[in-house]
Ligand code: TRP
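Okay, so here's just one chain, in structure tokens, the form predicted alone.
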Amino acid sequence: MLRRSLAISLVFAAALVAAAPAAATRYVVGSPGSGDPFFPLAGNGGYNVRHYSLDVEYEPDSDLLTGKTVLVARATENLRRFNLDLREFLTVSSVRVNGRRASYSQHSGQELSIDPRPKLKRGRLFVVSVEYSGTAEPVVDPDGSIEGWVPTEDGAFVVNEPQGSPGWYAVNDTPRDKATYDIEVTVPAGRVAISNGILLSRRERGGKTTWHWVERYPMAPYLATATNGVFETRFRRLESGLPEYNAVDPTTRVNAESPSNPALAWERLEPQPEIVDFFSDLYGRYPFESVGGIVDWAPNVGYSLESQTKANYWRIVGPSTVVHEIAHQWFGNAVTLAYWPDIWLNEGFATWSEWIYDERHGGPTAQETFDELYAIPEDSEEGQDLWFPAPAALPGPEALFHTPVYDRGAMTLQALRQKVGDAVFFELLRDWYRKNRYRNVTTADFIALAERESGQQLDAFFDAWLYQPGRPESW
């Protein structure tokens, strides 16, 4: 009797539910930022990008940049509006969502707001097409450095860390939204355009050349490149089967006072295969399907960048810089910070990689390099630059590329090596890479893994090295 009464009750309840009107779907506006403490408007909410197809054309004589971005994304909310990042000096002429024209507006310096019709349901894939053009301009960072599409005498030096990507394509500009890329760059005939991944084709038509590259591994937006100009190129396949793409500007030099020296630039790139093999043995297999370097002459830039699979060098650099940028393919590119204040996870690891490379190649040991730096007193000018601020407690984006992020970040790793021993330390680095390849990470993630693998409580150690200003006195 009880069972029958329960069954009747359930049927009645079901009938009531069926008869009730369906709740209206609530659609929201995707966030105009991704929550980064240093760049609140970088990135957007409400979707994740799966793939970008970029088609850009550049006229170096006028700096005219014309482009079309097509992206495939999945909605993570029911969206009536969402944003992309695109700098306002690039004027949008058309936006389509799933093939239909969409209304849009550009505002706040980099926000492109889009109203899709029909609205987008959570969990569904959708396709966005954005056409735009304008005069290429560098993006200026809080520390005064520049990035994005930076014009040179014969083309452009294209680097994006941390916020340059919207200077040449429409993007969800957060490192947490990795995607695959298909990139076509059209330049005047006789010019070269180098991008990420594998070269699929090179087409000549109407006095122009289109270079078509594909990056099939997940990539953070700031790691895309399309550097172009007059270059000597050497494309080959290494003994391991890995394609290597190198390009050297024939006018490149060590500094403004020195003569052009492309032969020295080629000499700097020659060790790349051995460096890849070294870090593959140390950290784990190389994470991508090509490697290479671009040595340009871009004196107004003043830094090199680890663009995924093709590092960009603004001039002829020293051998240690090549080691540094290749190490980033593991730490920075495959394993990528989630938030910009954690940049020591990129730069400290790449700097320490220089030290261990030297140690294993007849140079000073990593400990000797550590000791030399540790001897620098706090109250000296050099010490003020090294010991302040702490590498994981940066006061703002203007400090992202200051000395502590690099040298004190590397010192943190070497101090950890002292504390836990080589066996645990090197296994930790391999596991950090293996567990997080193609993902995003935080400092808290690294501390947790270090404690788990060492069996030690390391809060005081990491607090002293990463969060407290000044030279740690004990650890």
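Keep in mind that what you see is a predicted model, and the values were worked out from it rather than measured. Start at 1 and count along the sequence shown; that's the residue number.
The protein also exists as the form predicted in complex with the named molecule; that form is not presented, and the subsequent description refers to it.
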At 4.5 angstroms, heavy atoms only, are D154, D249 and N261 all close to the named molecule in the predicted complex? no
Could you tell me which one of D115, D143, D371, D385 places a heavy atom within 4.5 Å of the named molecule in the predicted complex? D143
Just one of F425, Y433, F38, Y406 has a heavy atom within 4.5 angstroms of the named molecule in the predicted complex, so which one? Y406
Answer among 273-281, 237-245, 143-151, 97-105 for heavy atoms within 4.5 Å of the named molecule in the predicted complex: the stretch 143-151
Considering only heavy atoms, tell me if L305 and the named molecule come within 4.5 Å of each other in the predicted complex. yes
Flag E161 as yes or no: does it have a non-hydrogen atom within 4.5 angstroms of any non-hydrogen atom of the named molecule in the predicted complex? yes
Quick one: is F401 in contact with the named molecule in the predicted complex, heavy atoms, 4.5 Å cut-off? yes
Would you check, heavy atoms only and a 4.5 Å threshold, whether H328 touches the named molecule in the predicted complex? yes
